[in-house]
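Form predicted on its own, single chain, as structure tokens, below.
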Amino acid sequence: MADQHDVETTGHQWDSEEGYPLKEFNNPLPRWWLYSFYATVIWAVVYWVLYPAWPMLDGYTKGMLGWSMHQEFAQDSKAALAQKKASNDRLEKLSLKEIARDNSLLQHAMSGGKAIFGDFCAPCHGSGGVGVKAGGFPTLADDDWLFGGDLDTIYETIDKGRDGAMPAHLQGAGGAFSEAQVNDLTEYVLSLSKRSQDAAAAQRGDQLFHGEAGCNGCHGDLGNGSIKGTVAGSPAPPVGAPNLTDAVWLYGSDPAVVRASIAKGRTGHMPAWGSGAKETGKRLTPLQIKQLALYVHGLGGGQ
């Protein structure tokens, strides 16, 4: 214990007890710690000199290197825009099918199309194109298409818009048929997806569907829509008449909803976003429509 009296102290002593007074030693810090501390001080001074560091009354110190985060961001943005322009130039020159065969270019187009979809299409068709039955906005993620799901047709739909009309059949709604006849038509339509509860009514509805009501003129002789359907053995034009034989329903498959569609009719309108854009006050460029068409086609239901 006698060796402790040789250790340097701060001169501070808490008591005066003889023998072993309580003193505050002044033990030096390890050299490695001191050298590390001095190195950080030197590094800080060098950093202050080379880079922007200190706020001033009229701005800030610029640093000897002349570097700034804003400048680096501007340079990176310029490089990204240049790269994007090169890809966009290729998109403008190539056809939709050619773009679809180039995976890297397709991914670039779809990334842009996703952003455009979120801004212009998602409010009606929902995020990811899931559709909204309450408004009659179709899902874009299945393989059930009213006018066609190939790339060129999707482009045309976005560019020029679409209009569809299901006329009212009930006399009280402007049609020509009675309540009983509308009920028969409803049963026949339900029978196409094997959901009819009245075979006799469905048989009567069959006669109306292919006869006086003329529903097959749009929906096809088999009720499988204007894309796949036939009228008197001839291909029907795609007028937007849906397929009535599957489980995909634009407004819902409940019998009451189906009857309401037949009785009171339905109207659908897809605004034009390209060459025919007027009502929206917004117009997409041909390049944006290409990107959007490729994105919609890639949602899972493109033909």
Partner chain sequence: MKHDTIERSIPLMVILTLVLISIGGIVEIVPLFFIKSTIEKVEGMRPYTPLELVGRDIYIREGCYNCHSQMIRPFRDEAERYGHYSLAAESMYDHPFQWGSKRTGPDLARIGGKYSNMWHQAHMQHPQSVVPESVMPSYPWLKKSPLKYEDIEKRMQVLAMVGVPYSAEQIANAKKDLQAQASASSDASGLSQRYGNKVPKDDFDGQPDQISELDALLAYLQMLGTLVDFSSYQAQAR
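Positions refer to the first chain, counted from 1. Worth saying up front: this structure is predicted, and the values here are computed from it rather than measured. Here the rigid core means the biggest group of C-alpha atoms that line up within 1.5 Å when the two forms are laid on top of each other.
There is also a form predicted together with its partner chain; it is not shown, and the following applies to it.
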Original post:
Given that its partner chain is left out here, which of L222, A165, C124, A176 has a heavy atom within 4.5 Å of it in the predicted complex?
Top reply: C124
Original post:
Pick from G112, G136, G161, G149: which has a non-hydrogen atom within 4.5 Å of its partner chain in the predicted complex?
Top reply: G136
**OP:** Give a yes/no on whether P28 approaches its partner chain to within 4.5 Å in the predicted complex, heavy atoms considered.
**Re:** no
**OP:** Using the partner position in the predicted complex, report whether D119 sits within 4.5 Å of its partner chain, counting heavy atoms only.
**Re:** yes
**OP:** Evaluate Q71 for contact with its partner chain in the predicted complex, applying a 4.5 angstroms cut-off between non-hydrogen atoms, and reply yes or no.
**Re:** yes
Original post:
According to a 4.5 angstroms non-hydrogen atom cut-off, is A200 in contact with its partner chain in the predicted complex?
Top reply: no
**OP:** Name the stretch: of 86-94, 151-159, 183-191, 72-80, exactly one has residues whose heavy atoms fall within 4.5 Å of its partner chain in the predicted complex.
**Re:** 72-80
Original post:
By the 2 angstroms cut-off, has the C-alpha of M69 moved between the shown form and the other one once the rigid core is superposed?
Top reply: yes
Original post:
Any CA movement of 2 Å or more for D254 between the shown form and the other one, core superposed?
Top reply: no
**OP:** Using the form shown as baseline, tell whether K78 and N103 are closer or farther in Cα-Cα distance in the predicted complex, where the change reaches 3 Å or more.
**Re:** farther
Subject >> Comparison of CA distance in the predicted complex with shown form for L287, L81, at least 3 Å >> reply: closer
